[in-house]
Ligand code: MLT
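As structure tokens, one chain now follows by itself in the form predicted alone.
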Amino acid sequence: MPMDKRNLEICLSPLLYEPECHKESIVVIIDILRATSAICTAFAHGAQSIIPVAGIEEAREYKSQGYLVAAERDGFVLDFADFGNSPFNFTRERVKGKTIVYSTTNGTGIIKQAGSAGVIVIGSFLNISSLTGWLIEQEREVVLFCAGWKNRFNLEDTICAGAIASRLMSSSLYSTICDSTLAALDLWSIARTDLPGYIEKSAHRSRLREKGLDDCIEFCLTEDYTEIIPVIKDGVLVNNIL
């Protein structure tokens, strides 16, 4: 067992993220309902790259330049966008070989917020095994950055972070003195026996149901749909880790 273990932290809300503390870290972006699940799905279906943008006007400008745009706010597709952020929108027929501009309520904003990190990758249940395996091979500290909901804590991202943290801690290569990590590990230990049932408690699960946008929940909780680990290179998401 190595003398010096790698530090593992979980950030439960964008308001808690401290960019100056993570300039050498790997930051894993987690927004499973639905941004990071959709990103993983897009690359699994052959997307060439994804340009994450935080603002609506920036996304609109890309659309005027002829880009394929996926953009939503509060779950609803923006009027100028080609489609929203359900992973089911990112079909192979629609995205294979394409560059997609992507703007969401929570997820794409924190990608920008984490921009000064050493490495930024996308995490979800859909790529959890390949992601954790790759992280274990690295010799860097890891921050699991939960998108939450409009700067608030949420259950689903925290539980996914707990699932990732559980695998990393089991490797004996990581240590943590981060209460957020310990809380996420505890939540995962409770939720793991019936993940869909536990997610029923989530406020965002209720929001999606009320809007008729909850058809992809079960899919977003599926482990290992893909081995792809999307990574930011020069501000653009690409698939070049695996």
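Treat the numbers as computed from the prediction; the structure is a model and nothing was measured. Numbers follow the displayed sequence, beginning with 1.
There is also a form predicted together with this ligand; it is not shown, and the following applies to it.
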item	value
Exercise: Thr158 in contact with this ligand in the predicted complex, heavy atom 4.5 Å	no
Partner contact for Gln113 in the predicted complex: this ligand, 4.5 angstroms, heavy atom	no
Contact of Ser130 with this ligand in the predicted complex (heavy atom, 4.5 Å)	no
Interface membership of Ile51, this ligand in the predicted complex, 4.5 Å heavy atom rule	no
Contact segment among 59-67, 32-40, 181-189, 195-203, judged by heavy atoms lying within 4.5 Å of this ligand in the predicted complex	32-40
Contacts with this ligand in the predicted complex, stretch 85-107 (heavy atom within 4.5 Å)	Asn85, Thr104, Thr105, Asn106, Gly107
